[in-house]
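Form predicted alone, single chain, as structure tokens, below.
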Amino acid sequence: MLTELHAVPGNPGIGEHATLHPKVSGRDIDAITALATKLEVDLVVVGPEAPLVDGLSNRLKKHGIACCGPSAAGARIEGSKVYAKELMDRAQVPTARWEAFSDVQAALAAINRWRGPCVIKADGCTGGRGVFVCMTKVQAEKALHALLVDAQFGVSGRRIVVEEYLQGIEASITVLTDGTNVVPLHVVRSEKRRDLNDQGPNTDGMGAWLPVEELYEQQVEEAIEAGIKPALADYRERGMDYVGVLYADVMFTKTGPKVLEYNCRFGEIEVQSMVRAMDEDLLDLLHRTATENLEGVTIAEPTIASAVVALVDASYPKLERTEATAAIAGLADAAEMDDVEVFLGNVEATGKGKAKGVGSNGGRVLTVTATGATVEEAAALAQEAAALITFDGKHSRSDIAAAAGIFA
């Protein structure tokens, strides 16, 4: 049962429900640990991957604080694409053919040798932005130059993975694991490309929906058995229990499911879609995960549909944030709609008193979620609510969930 909620550093959205600690950086694991110790919290839930890669979970557990998030060793599955691919090969997880490079010419030679489209990924943490889907050689050359020459992602892009381009139905499978037990959550589909009809640069998500009727139950079960459980078993075999969230992007191809990548935490828009359709208490599930108490836990199939529409800045997914804060209008109107919930992202509080408001800081500014009897109904409602919200530079996709119902 929740009695107090604290957020580091937080924003005006979660500030409606939690005590904010804006002076504590989300990357300062010493300060976070000190704060958690001072507050005598029962559970820390880590949202982003970077502090997990830095070892926040390890530090908290040394101080006797339960943490829903893997150790630094566990988080390496997202912290390094090369490490994740090596783990997949070692554990015989089906995935795309791949090679790692730190030299442009060597990478180009491989791309020429392979022929056809490819996907190029920065090795390290990039906030979901370091993936380039290259349908032509020219696009591949630009991606390699951005990563290895221009250092667009700094040290995270010093080494890259080049892998074959796969086709099929892409979906996200998320599980909770206490080191022994594995509890699958709802399967979600999301739209990664910025523009309509899967055009434009790759992003960390423009929208999502569930249930995923495009996939059969057997396909999902096969993906969990072949793509998730072997990875967790590999950790156990190496004496490292993985405790927390494991998220896998899976491409369901004609020859079976293949894992594209792993995350060591929830996907933001995916979990927003999930929580709107879940009957279970998510906080209880996260506490059970952190305290190794998931035995016998199952998640009921969703009885309603949900959809998420992201509103982003026009420059997204570029890393730069806008210098000036763009005022956001229409939030209250959207939030007052039945079956609609708005989640704020890259925003900050503006003004005081009667002039108090919320402004955009660029990037993925906010998401609008909605529920309904069907995916189509939920998506239509989310789009209706999203249309009420305005800010300078607003961009979104009007075709979220258009692929729902298309079977493999």
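Position 1 is the first residue in the sequence shown; the rest follow in order. All of these numbers come straight from a predicted model, not from anything done at the bench.
This next part talks about the form predicted in complex with adenosine monophosphate (AMP), which is not shown.
Asker: Only one of 93, 224, 169, 119 comes within 4.5 Å of adenosine monophosphate (AMP) in the predicted complex by heavy atoms, so just point that one out.
Answerer: It is 119 that has a heavy atom within 4.5 Å of the partner.
Asker: Which residue, 234, 214, 261, 268, has a heavy atom that falls within 4.5 Å of adenosine monophosphate (AMP) in the predicted complex?
Answerer: Residue within 4.5 Å of the partner: 261.
Asker: For the chain shown here without its partner, which stretch in 129-137, 281-289, 101-109, 305-313 has non-hydrogen atoms within 4.5 angstroms of adenosine monophosphate (AMP) in the predicted complex?
Answerer: Heavy-atom contact with the partner occurs in 129-137.
Asker: Although adenosine monophosphate (AMP) is absent from this view, report whether residue 81 comes within 4.5 Å of it in the predicted complex, heavy atoms only.
Answerer: Close contact exists here: in the predicted complex, residue 81 approaches adenosine monophosphate (AMP) to within 4.5 Å, heavy atoms only.
Asker: So in the predicted complex, is adenosine monophosphate (AMP) close enough to residue 202 to count as touching (4.5 Å, heavy atoms)?
Answerer: Yes, residue 202 lies within 4.5 Å of adenosine monophosphate (AMP) in the predicted complex.
Asker: Would residue 76 count as touching adenosine monophosphate (AMP) in the predicted complex under a 4.5 Å heavy atom rule?
Answerer: No, residue 76 stays farther than 4.5 Å from adenosine monophosphate (AMP) in the predicted complex.
Asker: With the partner left out here, check for me: in the predicted complex, does some heavy atom of residue 333 sit within 4.5 Å of adenosine monophosphate (AMP)?
Answerer: No, no contact at 4.5 Å.
Asker: Can you tell me which residues in 135-172 come within 4.5 angstroms of adenosine monophosphate (AMP) in the predicted complex, by heavy atoms?
Answerer: Residues within 4.5 Å: 163, 164, 165, 166, 170.
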